[in-house]
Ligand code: GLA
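Just the one chain here, the form predicted on its own, laid out as structure tokens.
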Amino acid sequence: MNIEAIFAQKFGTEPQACVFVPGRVNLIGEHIDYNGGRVLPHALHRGVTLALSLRSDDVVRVASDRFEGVSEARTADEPTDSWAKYAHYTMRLAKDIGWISSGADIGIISNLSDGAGLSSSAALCVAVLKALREVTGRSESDVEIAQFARRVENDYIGMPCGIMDQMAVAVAKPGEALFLDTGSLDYDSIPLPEDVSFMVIHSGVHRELADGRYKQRADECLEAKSYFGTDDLCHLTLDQVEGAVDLAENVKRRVRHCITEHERTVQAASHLRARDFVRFGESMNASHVSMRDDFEMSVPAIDRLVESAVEAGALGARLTGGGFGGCIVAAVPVDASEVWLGKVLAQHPDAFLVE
């Protein structure tokens, strides 16, 4: 059933706008988008398809192909359905910034797994905003859409994320990587290779980033920012970190990850442009070690999956997303990908291919 049919079934009318927003997988550059670093995500073919019509009252009704019933709340009320909260809060932001004065009916189709680290929440927020832009005739750019979507997560959800996810799903197109400076929001696109596939495998471990562990890492970075007097931890030096004798060791490790991950991402973008996939894979492997040991955001199931991926022939593999579960991404030669996938999944019965 397509989005128009679902919308008509749930709301008895045709939508005023339909949009598609992709999910994303981050090839390298984790937890540095709120620390002044560069990141390298790419847009997926999977994503969120959303239909929307404005209403004459201030009620927001949300329906999804993955949940029964319709979630309903006024724009000023707290939503009671957790699966629909991102849509409700994006509508509240749109009203707060003066885009709209009423509610809306919203229909959603998504083939992104929740808790997988593929930016399903960012894609939903961006999709609502893009649909509203179309319906209201506004002229805000995709970059501005991404900035508003980040505000939804930061200010309304309470998720202290950076701008990477929103920029990746708002700006990037499937088939290209987005090399993004998260400080200036300058970016360029790098075509993905045809002879190497970036395989996304879900570990089977689901997580909710709002459970506190992501925030704990963000708070540790805030402590470091206060200590060093900068918001750009990625641009410190390792000597500065080692010289901070009265800074807690766990916070030092977080900063060390930010510095080295930023450097790896810059190098990896150069390797991708040069089509040097062996060195790109080495950067991915080093990134996972840093996330595991310095940022401490991995879990045993992810570590075993990454190890199996490399042993089975991946050029490189790493955790992708906010951490504590979700997916890995692996760079695999296309002509070996089918055999590689069979080997990996045979060792990890809870894991499954995402894209």
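Numbers for residues come from their place in the sequence shown, where the first is 1. Since we're looking at a predicted model, the values are computed, not measured.
Not on display, but discussed next: the form predicted together with ligand GLA.
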**Request:** Quick one: find which of 40-48, 326-334, 23-31, 62-70 has residues within 4.5 Å of ligand GLA in the model of the complex by heavy atom distance.
**Result:** 23-31
**Item:** ligand GLA contact in the model of the complex: C161, any heavy atom under 4.5 Å
**Value:** yes
**Asked** Is the gap between F277 and ligand GLA in the model of the complex 4.5 Å or less for some heavy atom pair?
**Response** no
**Prompt:** Quick one: does F198 come within 4.5 Å of ligand GLA in the model of the complex, counting heavy atoms only?
**Reply:** no
**Prompt:** Hey, in the model of the complex, does G316 get a heavy atom within 4.5 angstroms of ligand GLA?
**Reply:** no
**Asked** Can you pick the one in Y214, Y89, F148, F179 that has a heavy atom within 4.5 Å of ligand GLA in the model of the complex?
**Response** Y214
